Structure formats: structure tokens, C-alpha cells
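Take a look at the C-alpha cells below, where one protein chain is shown in two forms, each on its own, as structure 1 and structure 2.
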Structure 1
């Protein structure tokens, strides 16, 4: 049984995919996830085996794309009414000391601190980026923070 035209697939399963996207990311981002789902599906559709469960295949893609949209939104900057005041002169060195201290850390510790404490990523995502377990990512960040605290207490950091 040959694959039906993709336009029919969109017409038939589009509403179900939109419901899935809405359930995962909410109504504001659902259309973006829906569009991303069908763009990805269009590229992969010629390789789909005839007789496959197209609806389950699309829902799987939709779930993944909805998660991608959610992650992208969570990393987007939030608008604020007013910009924070710059630090008083003489009290900050624009982070130069911290950057220098970070350079002294081993690579995994430095990256774990940057991804988790500076970028705000959860340890599970840090672990994927670093190519290790969540526990190892936590340990690397904790060890790096311990070193930075020791430098600060020794007076090597402001």
C-alpha cells in the first residue's frame, strides 16, 4: 500500500497533532510546535514504511517538537520594566576576577558551572552536554564552586 499524499496526512492528522502540542506547551506555543512537527515530518515522510501507523508517528514527532519549543522558550530572555542599575564604581571589576578564576578550573568543572549556574540549565541537560551522568555533572559543578569559594576566602576573588 503506497503512502498517501502528504497534504492528506496534514488534513487528516493536523487537528490531533495540534491537540497534542497544545497539551504539552499550551495554546501560545502550540502552533509553533505544530509547524515544526509537520516540517520535520515532511522531510522524513518519503522514508516512512508503507503501512506504518502515521498518527502515532506524527504524535511522537509532535511530542519531541513541543519539548523543543518549550526548552527554547524557557531559555529566552524575559523583558523587564527597567534595566538594573550598574554596580557602584570601585566595587566591581566587571567580572574579570571571576573569569580569571574560572580559567583555573578543570574544563568539566568550568563548563558545569557555566551551564548550570550561569545559563540556568538543569543538571540533566548539563550532563547531556558534558557527556556524563547527572550525578557527575552535579559533582563537577560542586567541586568547581568549592574551588571558587576557596579562592574567594583566600582573597584571590572580590
Structure 2
């Protein structure tokens, strides 16, 4: 099957790529990372092997671009070491505090959660991106979720 029009790729995977970018660098830098990702993908697209896993390909580019964007802003190295203060109140900060909490997880756990729970990739594809096995990807996500749940129960998350 030949490559489909790139517009369809953007429509189908744009939301997942945005979630991955947001999970890795936060909502502000995520837009730069998203833009860099799809521009790079558009450039390389005609050379993509037809029948490739487009989603995993995009997520791989997105992860690299998100890290590039983050480095260019020369902020604290990923992942963030300290836990943010819990938000004072309300639901507006929920997403941000969750993202901040995500950043405190070890790299593989954070990525496994981002790709599986936010981007919707099955564990087999998460494993391809992480370079480990399906079982290891599943375990990393589960361990990360356990930490997040513990934080949540301790009242550090809304």
C-alpha cells in the first residue's frame, strides 16, 4: 500500500504526538516540539517504507525533538529531581501537577506511561521505542503508575 497523504497522518497522530511532547517537556515547549516533529516527519515522509508503523516512527521523532527543544531552552536537565509543591486548589492545575509528577519518575517509567497511557501505543510498540521487551515496558509503566498513585494518595496530587 502506498503512502497516504500527509494530511491524514497529521490528523490521525497529531493529538498523540502532542500528548507525548507535553508529557516530556510540558505544555509550553510542547508546541515547539510538536512543530519540529511534524516538519521533520514531512521532510522524511516520502522515504518512509510503506507499511511502516507510522505512530511509533512519529513518537520516536517527537521524543528526540522534545529533548532538543528542552535543551535549547537550557532548563534543568530531564528528569526533574524535586517534586513540585502541590497546587493550592482547583482543577486547573491538575494537568500541570500530573505532568510535573511524571517528570519525577525514572526515564523509562515516564516514557512507558507517556507512550502507553497518553499516546495510546500498545506495549509491544512501546518496547520497540524503549529498546526493551514488552514485559519490561509493561512493568515500567506499572511501577511508574504505582509511584503516581502513592503520590496521589499521599495528597501530593489532586
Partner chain sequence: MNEPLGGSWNAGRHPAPHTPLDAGGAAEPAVLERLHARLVNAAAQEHLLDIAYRIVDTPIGPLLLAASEQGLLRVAYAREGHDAVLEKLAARISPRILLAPARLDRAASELEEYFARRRTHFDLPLDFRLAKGFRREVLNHLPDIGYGQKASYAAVAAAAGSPRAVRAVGTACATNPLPVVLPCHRVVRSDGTAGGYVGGPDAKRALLELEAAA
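Source: prediction; values computed, not measured. What we label the rigid core is the largest C-alpha set whose atoms superpose within 1.5 Å from one form to the other. Positions refer to the first chain, counted from 1.
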**Asked** For this pair of chain forms, which number matches the form predicted on its own?
**Response** 1
**Request:** Answer yes if the Cα of residue 147 shifts by 2 angstroms or more between structure 1 and structure 2 on a rigid-core superposition, and no otherwise.
**Result:** yes
**Message:** Please determine whether the C-alpha atom of residue 27 is displaced by 2 Å or more between structure 1 and structure 2 following superposition on the rigid core.
**Reply:** no
**Prompt:** Any CA movement of 2 Å or more for residue 138 between structure 1 and structure 2, core superposed?
**Reply:** yes
**Per-residue Cα shift, residue 124, between structure 1 and structure 2 [Å; core superposed]** = 30.2
